[in-house]
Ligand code: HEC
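The chain below stands alone, shown as structure tokens; this is the form predicted on its own.
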């Protein structure tokens, strides 16, 4: 075959046609058959406006929206499905993990936590790399929160129903006064946890570890002296717990562990069971007990055999 001008033109057109068929036509033929998933619903106008703000500010470059089978983080209970995205144009997928995947983030936190987070992410996550978005103003931030709270669609709606219910209960307990508030918080912790002391002895090393963990995860809401007056406080209601009121209220190490591990749904207190290993939760609980509550049950009865590496 001679390389004539006609052969170059025809060959180029054939190559182009093949590329268009493989890259455009075949994927379209496949995706056009996609049906909505079992959790899909149409977004509200506010949620759609928030999505536009999300796209305009490049949020997708750090927060992908495609949970994979290899992921072990937020949303990993449900692997992303094609039917979740049938109404999304453009589809905001990718594998970038600069920030957490948020495809199932709706209902993980109440609205006030998100407001403090968007005002300045360091208020809620001290080590966050995310830039502040206070410049967007209240209206756009409200829409952005509505969009994030919609991620997960019907599953997110169920979580939001739970958040709203427990927020009303938490507000009622807080406004009833410190005694009622502490009693309400403790009453929702299983009895077995209430009876467990902190199994780690109070040591300089353990308290130093607890101090570092507190700075990394807790300081933005609870403040440097544990009085609940951290920089996030002005956007959060009920406000973060003032640890200093817990003195002489029978707060065991197990109570602190359970609330740090599982969070307090309806309030801005998130769960840390995915962020912190067991010893880190015990260490930060002991730090709070020693320095803010001034009442620690560390290494008291009932106790078992000391671990191999303990003083």
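Bear in mind that the values here come from a model prediction, so they are computed numbers and not experimental data. Residue numbers count along the first chain shown, from 1.
FYI, the form predicted in complex with the ligand isn't displayed, but the following is about it.
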Work out which of the listed stretches, 119-127, 152-160, 197-205, 80-88, brings a heavy atom within 4.5 angstroms of the ligand in the model of the complex.
119-127
Quick one: 54, 63 and 98 and the ligand in the model of the complex, is every residue within 4.5 Å by at least one heavy atom?
yes
Taking heavy atoms only, is residue 181 within 4.5 angstroms of the ligand in the model of the complex?
yes
Does the 4.5 Å heavy atom contact test between residue 254 and the ligand in the model of the complex come out positive?
no
Against the ligand in the model of the complex, would residue 230 count as a contact residue? Criterion: heavy atoms within 4.5 Å.
no
Residue 92, heavy atom within 4.5 angstroms of the ligand in the model of the complex
no
Of 248-276, which residues get within 4.5 Å of the ligand in the model of the complex if you count heavy atoms?
251, 255, 256, 259, 260, 264, 267, 268, 269, 270, 272, 276
